[in-house]
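The form predicted alone is given below as one chain in structure tokens.
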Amino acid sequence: MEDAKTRSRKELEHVIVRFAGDSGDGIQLTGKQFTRTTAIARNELNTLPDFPAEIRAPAGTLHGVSSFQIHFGREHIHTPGDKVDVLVAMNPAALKTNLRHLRDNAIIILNVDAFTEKNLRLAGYEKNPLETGELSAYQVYPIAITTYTLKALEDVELSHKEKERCKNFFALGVVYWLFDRPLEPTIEWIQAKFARNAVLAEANVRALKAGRNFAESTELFHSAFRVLPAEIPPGLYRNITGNEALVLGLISAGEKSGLSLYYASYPITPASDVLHMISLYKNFGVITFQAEDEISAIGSALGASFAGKIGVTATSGPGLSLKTEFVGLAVMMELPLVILDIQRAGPSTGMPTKTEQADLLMAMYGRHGEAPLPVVAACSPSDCFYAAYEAVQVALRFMTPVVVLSDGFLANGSEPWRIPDPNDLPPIQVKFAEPNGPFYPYQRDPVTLARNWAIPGTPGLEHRLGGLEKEDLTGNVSYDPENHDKMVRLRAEKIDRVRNFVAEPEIVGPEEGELLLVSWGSTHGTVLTVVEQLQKEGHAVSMYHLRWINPLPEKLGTYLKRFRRVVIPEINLGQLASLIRNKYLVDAIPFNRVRGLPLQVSELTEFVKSLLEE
């Protein structure tokens, strides 16, 4: 009989793995450790953590299922993937909620210990699916994960419940063997994590090794797999989430500008992690403030900007609604301010842990009066770094608030990121008003139209700011009709001139043809994958990704007219499509899904092909 250790492995170009179970099963931790190890193995990857909004939903129920999906391979990976190749289900509810995501003949690894009469009932199963033939289309591997975990920890001095909690590492060990992943990175993490509890560290390491040994020594699995490392440019890499990237982008901008960074926010999912993470960087002079509400947070950040700091605040959908009056004040006062909006499914409280792109019109127009401001949307977890950095550049150079749009998918998802050399980052110029000669608070730079930034308390630069309309140059309160018209137009023209400062997007594919897909934000990966596949099949399709939504790029209007059809995919009901139809009078075709999930490659491909065949 062939030894399992020497069993040949089937090489795969890419694979999609999903871990699923109760919120208390450590699913997110398991997924993150598999992701970390996969990144160390130098695979391209993209992840999709998905968890319930409840802190601890009832165990065994469908709405209490937490999952973590990772798509990894040796080629460029732009999405977390559509159909799952391998599902690890820790209970019946995890199986039932995730069956629809599996491809035909997918591998299912089940913890059969959890398939009790009670858990089957909670999951809505009248009979055990292992006995009904319901899973006949898949490769099912039932493993007594809980039993084997407890057996491996028989002589460890922990309670039964504490031992049982280690079962996620047993499952992880099985999957590590299945894909030829090393244990060492996870063992090192466990030992560091539980450095103050040697018994707990030993238990988790034992469970991990036991899972690996079980998979290696049994003949349970028909096949084992290997995904070779990707060919990536040399450099220093790390795995990074979107929220982590936002934090590092802001801190880098603060260092480059020489200004202190002041961050104020009120906790709200999925933006809360930004506050947690940025508070760890006090060694860079970062000042953090957890406010009592959203209004206080943005008011405090705006006050910091008035004092000559980089004022930053972050929120998600409902919180942005509360901040709108202060955003309007920032527009009127013409002060730099960065507002991070980590979008989530709405309206109202909506689905706090699910992703959506439905705040675009809010970011563009969610203020009374004529109050335009720049809006930049990150396209990937790692791009959140550059979106935050560039937002600070624009805010300081143009003396304006800037909205940075991310979303739950980007915030919690991760990918490998090549850490840039700080010397390669573009400079951030800061210009304060000088206390010599006559001073006019609203005297403007001839290129950017930015007004003077005067630090309060500087002799000779005394001035008054507020929400009432300003007289041109002097900043005095003015109710003059012609002055108001002039100031409204100056503020709008200033935002339009941002277009001359930011990079013009590059079109992917021919500059004219049958069909153009216009994307923004986190739809980038799905749209790029679809376009690359269709181009390989010989279709005349191209892609134009909008990073800055306001102002829109100069060449957009030209490209829109060069294609017979324009498709705009969004995780909303067509907000960008409405903007483009209104501005360019183009009959853009929307492709919309609002499921709290990223767009699927297969669905968009089918939609585009149907248009091409007409």
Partner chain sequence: MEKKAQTLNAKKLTKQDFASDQEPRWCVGCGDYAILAQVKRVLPELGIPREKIVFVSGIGCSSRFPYYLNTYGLHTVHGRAPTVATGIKLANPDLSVWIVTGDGDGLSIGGNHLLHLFRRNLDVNVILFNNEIYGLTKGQFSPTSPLGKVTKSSPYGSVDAPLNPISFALGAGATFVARSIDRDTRHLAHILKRAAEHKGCSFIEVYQNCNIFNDGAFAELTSPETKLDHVLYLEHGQPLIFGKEKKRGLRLKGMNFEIVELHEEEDVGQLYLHNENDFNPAAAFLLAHLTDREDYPTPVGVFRRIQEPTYEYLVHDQIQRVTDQKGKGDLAQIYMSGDVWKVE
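Since the structure is predicted, the reported quantities are computational estimates derived from the model, not experimental observations. Numbering follows the first chain given and starts at 1.
As for the form predicted together with its partner chain, it is not shown, yet the points below apply to it.
Remark: residue 255 counts among the residues lining its partner chain in the model of the complex, judged by a heavy atom distance of 4.5 Å or less.
The closest heavy atom approach of residue 581 to its partner chain in the model of the complex falls outside 4.5 Å.
With a 4.5 Å cutoff on heavy atoms, residue 564 does not count as touching its partner chain in the model of the complex; it lies far away.
For the chain shown alone, residue 62 is not a contact residue for its partner chain in the model of the complex, no non-hydrogen atom being within 4.5 angstroms. In summary, the region of this chain contacting its partner chain in the model of the complex, judged by heavy atoms within 4.5 Å and restricted to 89 to 97, 117 to 125, 208 to 216, 226 to 234, corresponds to 226 to 234. Using a 4.5 Å cut-off to its partner chain in the model of the complex, each of 262, 326 and 385 places a heavy atom inside that distance. Put simply, of 142, 510, 467, 182 only one has a heavy atom within 4.5 Å of its partner chain in the model of the complex, and it is 467. Interface residue among 112, 477, 473, 488, judged by heavy atoms within 4.5 Å of its partner chain in the model of the complex: 477. Contact residues in stretch 288 to 305 (any heavy atom within 4.5 Å of its partner chain, taken in the model of the complex) are 289, 290, 291, 292, 293, 295, 296, 299, 300, 303, 304.
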